[in-house]
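So this first bit is one chain, no partners, the form predicted alone, shown in C-alpha cells.
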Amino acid sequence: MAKKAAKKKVSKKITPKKVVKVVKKIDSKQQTIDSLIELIRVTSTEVPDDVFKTIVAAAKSEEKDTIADYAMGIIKKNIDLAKYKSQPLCQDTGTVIFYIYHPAGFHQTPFKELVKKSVTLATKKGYLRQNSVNSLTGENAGTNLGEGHPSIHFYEHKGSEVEVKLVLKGGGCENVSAQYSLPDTTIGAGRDLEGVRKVILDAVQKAQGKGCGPGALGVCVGGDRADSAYFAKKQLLRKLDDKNSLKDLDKLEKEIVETCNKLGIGPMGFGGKTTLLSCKITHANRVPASFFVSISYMCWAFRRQGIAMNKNFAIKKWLY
C-alpha cells in the first residue's frame, strides 16, 4: 500500500491588515483604561467648575472674620491644594458610581471589566482610597472591588459616542441622606409639594452641618423605596446652575436653598449664611398607597465629573 502523504501543518500567518486590527484592539483597551483612570483622577482631586463658582460666591457672602468665613476659606484652600498636588479632596473617596451612556450595539460586559480594572489601578495610584469593605466579614481587598462596588449603570442613548459620568459619594454625606413616607404627622407634612418642602427642610435641620456642609441635595418625589433613592442620587449629575424644566419644581428648588441658608446652620454647622449650595428635584410615578420623598445629600467636596469618548475611547471632551 502506498503510504499516505503526510499532512503539512500550515501556520496561520498574520497579514499586515490583521496586525493592524490586533494592535488597534489592544490599544483601544489600554486607551479606555487610560481615559477612565484620568476621569477618576480628576473627579477625586478637582471639583467641577459649576461647584467651584458656587462655593466661591457663597464664601463671599459670609461676614468677614467669622467662623463661617474661616471655614469657607479652609474649604477653598483645600480645593486649591488638592488640585495642585493631584491628591484626593477628601480621605473618604466614597462609593464609586459610574453612569455610562452608549449607542446601540455597545457591548457592556467587556467595558464593565475595563471599568473595574481602571478602579483597581486608580486605587494603586492613590486617586481612590482603599475603603470598600466586605459588609459581612469587614475584609478589605485593597482594590475597591467587591459585591456591588463599584456601582455601574448603563444606558443606551441616541448619540454615537460613549459618555461616562462619575460620582464619588462620601460616607459622611450618605449618612445624613434621608427618606420620608408621607404623610408625616410628626412634622405636619402632607402629600403635596408643601409636605415635600417640609421634609426636605427637616432633613437639612437634622443634619446640622454634618455630612461636611455646606451640602447639595438631590431629591426625588415619588417612586418606590429603591427607585426613589436612586433617582434622588442621580439628580447630583445636574449642574448647580441649571434650571428645572418643571416650573413648580424650579420654584421649590430655589425656595429650599434660600430658606436653608437662613437657618443659621452654616458651613460644618458653625453658623453662617452658607448651609446649602443647591437643591435639585425630580419626580417619579408612585402607587396610591405610597408617597416617598428621598433626599440624597452631597458634601461640599462635590466630586462629579464626566467625559465624552471618541471612537478610539480617548477623552474627546469633559462634560462639567
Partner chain sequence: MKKLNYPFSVEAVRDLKVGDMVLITGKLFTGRDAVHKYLHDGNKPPVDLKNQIIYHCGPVTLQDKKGKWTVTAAGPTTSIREEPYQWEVIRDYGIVGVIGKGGMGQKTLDACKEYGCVYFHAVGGAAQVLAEKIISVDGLYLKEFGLPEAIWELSVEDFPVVVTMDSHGNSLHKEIEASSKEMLNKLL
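Numbering follows the first chain given and starts at 1. On a predicted model such as this, the values are computed, not experimentally measured, just so you know.
Keep in mind that the form predicted in complex with the partner chain is missing from the display, and what follows is about it.
(message) Is it the case that L182, even though its partner is missing from this view, gets within 4.5 Å of the partner chain in the model of the complex, heavy atoms only?
(response) No.
(request) Please run the contact check for N134 against the partner chain in the model of the complex: heavy atoms, 4.5 angstroms, yes or no? (result) No - in the model of the complex, heavy atoms of N134 and the partner chain never come within 4.5 Å of each other.
(request) Indicate whether the partner chain has at least one heavy atom within 4.5 Å of a heavy atom of R197 in the model of the complex. (result) Close contact exists here: in the model of the complex, R197 approaches the partner chain to within 4.5 Å, heavy atoms only.
(message) Using a 4.5 angstroms cut-off on non-hydrogen atoms, would V257 count as touching the partner chain in the model of the complex?
(response) Taking the distances in the model of the complex, the answer for V257 is no, it never comes within 4.5 Å of the partner chain.
(request) Select from the listed residues T143, N244, T95, N78 the one whose heavy atoms reach within 4.5 Å of the partner chain in the model of the complex. (result) If I apply the 4.5 Å criterion carefully, the residue I get is N78.
(message) Just to be sure I understand the contacts: of A216, V164, C220, L89, which is the one whose heavy atoms reach within 4.5 angstroms of the partner chain in the model of the complex?
(response) After the contact test, the surviving option is L89.
(request) With the partner chain left out here, work out from 288-296, 46-54, 63-71, 30-38 which stretch has heavy atoms within 4.5 Å of it in the model of the complex. (result) Result of the contact check: 63-71.
(request) Kindly indicate whether T109, K116 and L277 are, all three, within 4.5 angstroms of the partner chain in the model of the complex, using heavy atoms. (result) Negative, none of the three is within 4.5 Å.
(request) Can you tell me which bits of 283-319 touch the partner chain in the model of the complex, meaning any heavy atom within 4.5 Å? (result) Read in sequence order, the lone residue that approaches the partner chain (within 4.5 Å, in the model of the complex) is W300.
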